[in-house]
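Just one chain follows, in the form predicted alone, and it is written as structure tokens.
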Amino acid sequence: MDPSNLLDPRLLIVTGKGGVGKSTVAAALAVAGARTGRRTCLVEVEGRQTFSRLFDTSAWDFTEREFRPGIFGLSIDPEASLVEYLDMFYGARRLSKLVVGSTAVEFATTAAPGIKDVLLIGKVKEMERRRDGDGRFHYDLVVVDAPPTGRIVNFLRAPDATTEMVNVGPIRSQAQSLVDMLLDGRRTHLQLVTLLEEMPVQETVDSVAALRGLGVTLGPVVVNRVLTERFDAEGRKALTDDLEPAELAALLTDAGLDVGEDAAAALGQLGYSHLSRLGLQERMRDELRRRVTLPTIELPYVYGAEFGADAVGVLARKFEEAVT
């Protein structure tokens, strides 16, 4: 897997341990897709409205809307997907609305929770296969902010489980078409997101093994929030020499920062914590390279009082660099 092929599939499914920033990465991938000339759709499937807050838009729903030039977005829910499915394949929109409004759907999704995931993936597949009047695909890239790694295997297994339960008929054929899409490496890649910390790296290692067991194609692992060292050799030596606060204050004064001993001690502790974090990053980077035979793309830690569309743009540039 070459990182330069990152945006080649039509469908990117983004997942990772909760808290690693998978939604941010999904948004950055979508922005990178649009910047590189791809008509792109960013999709959320958990109804958390992360992207409406991130891009400062109105709430997202089942209607695809262009919220940035070349980037569309929508939030998929199972009920709306069912209405569309029944109307598309049976021409029964009025009946489908009645069915969705009844307790039958709630009973079915409770008895077989995987049905919800099949409906969600089914809508994604409709978008991935949709063509315009000239025969060209409507979207060049669909980026899905998928459930976290703790749930991703069951999410992706849902269509296959449906084919095992239903042996014949249109439901089975539709479920099989979803399986075919997920297992076709030319159409679909799974993008794992991690941090250079012990628990996220371990969960990434476990997820790679589980996802490969499903037969899906894995793209480069995206390593998020990577710190860069902020000290030169002299500064690092000053921190690691275990100086007394007075000595450190004197060094800072010589550098043009006149602070007292207490402030110098606090700054020294912050600097030492930064070095410790860098050491952890390097150990976890080595661990990831040793245990996961996939290339990585590292994204920087973006500082700021608020994380919004501008910060996403900074991360998108890293993806652009990878593919160009």
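These numbers come from a predicted model, not from an experiment. When you see a residue number, it is the position in the sequence shown, counting from 1.
This next part talks about the form predicted in complex with a small molecule, which is not shown.
Student: T204: heavy atom within 4.5 Å of the small molecule in the predicted bound form?
Tutor: The answer is no: T204 has no heavy atom within 4.5 Å of the small molecule.
Student: For G313, is any heavy atom within 4.5 Å of the small molecule in the predicted bound form, or not?
Tutor: The answer is no: G313 has no heavy atom within 4.5 Å of the small molecule.
Student: With the partner left out of view, is N224 within 4.5 angstroms of the small molecule in the predicted bound form by any non-hydrogen atom?
Tutor: Yes, N224 sits close enough to the small molecule in the predicted bound form that at least one of its heavy atoms falls within 4.5 Å.
Student: Answer yes if any heavy atom of L11 is within 4.5 Å of a heavy atom of the small molecule in the predicted bound form; otherwise answer no.
Tutor: Answer no; every heavy atom of L11 is more than 4.5 Å from the small molecule in the predicted bound form.
Student: Where, among 36 to 44, 264 to 272, 62 to 70, 294 to 302, do residues come within 4.5 Å of the small molecule in the predicted bound form by heavy atom distance?
Tutor: Every other range fails; the passing one is 294 to 302.
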